[in-house]
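In structure tokens, one chain follows: the form predicted alone.
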Amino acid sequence: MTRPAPIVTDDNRDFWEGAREGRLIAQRCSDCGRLRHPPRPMCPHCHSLGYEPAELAGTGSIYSYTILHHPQHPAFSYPVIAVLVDLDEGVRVLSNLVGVAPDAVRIGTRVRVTFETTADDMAVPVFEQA
């Protein structure tokens, strides 16, 4: 079974279209220049409504993680390793760590983004050890 497709909105469209193309995208405020993630309509720093898409390198380190066993959904392989990744550009993303045994996960481990396909020919960013 394939992962479910993400729900695309006006605010997150650049993020999900980038993921479909194999690129990790954040919003960069047009006024103060700060990056923000997750996508949202207003800059949390200066309250500007303007932004431009900014492509990120997709490298960073694990800030925190948890191992999910339940509730199980048939579209996912368990256990799921949910990670908070501090990207080198300074934003934090919530994702999954793939290709690693749960007992081998460590805070501070360097990771890089990769993408897994979803339903409806979309993709979701996940991370693997760098």
Partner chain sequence: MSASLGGAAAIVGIGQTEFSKAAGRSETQLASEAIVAALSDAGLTTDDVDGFVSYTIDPVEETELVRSLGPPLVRWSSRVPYGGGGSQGVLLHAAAAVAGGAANVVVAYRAIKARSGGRFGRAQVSPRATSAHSGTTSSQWCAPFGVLTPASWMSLNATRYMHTYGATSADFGRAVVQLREYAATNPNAHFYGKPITLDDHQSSRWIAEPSIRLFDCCQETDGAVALVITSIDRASDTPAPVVIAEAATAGLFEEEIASNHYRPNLEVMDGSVALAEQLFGRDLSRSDIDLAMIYDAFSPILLMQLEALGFCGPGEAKDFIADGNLAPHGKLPCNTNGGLIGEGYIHGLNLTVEAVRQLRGTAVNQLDDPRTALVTASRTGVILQR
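Residue numbers count along the first chain shown, from 1. Everything numeric in this text was worked out from a predicted model, so none of it was measured.
We do not show the form predicted together with its partner chain, though everything after this point is about it.
Screening Cys46, Leu68, Val98, Ala57 for any heavy atom within 4.5 Å of its partner chain in the model of the complex leaves a single hit, Leu68.
Among heavy atoms of Cys29, none comes within 4.5 Å of its partner chain in the model of the complex. Contact check for Val80: a non-hydrogen atom falls within 4.5 Å of its partner chain in the model of the complex. Taking the partner from elsewhere, Arg34 is found to have every heavy atom lying beyond 4.5 Å of its partner chain in the model of the complex.
Looking at Ala119, you'd find every heavy atom of it more than 4.5 angstroms from its partner chain in the model of the complex.
In the model of the complex, His37, Pro38, Pro39, Arg40 are the residues of 17-40 with at least one heavy atom within 4.5 Å of its partner chain, listed from first to last.
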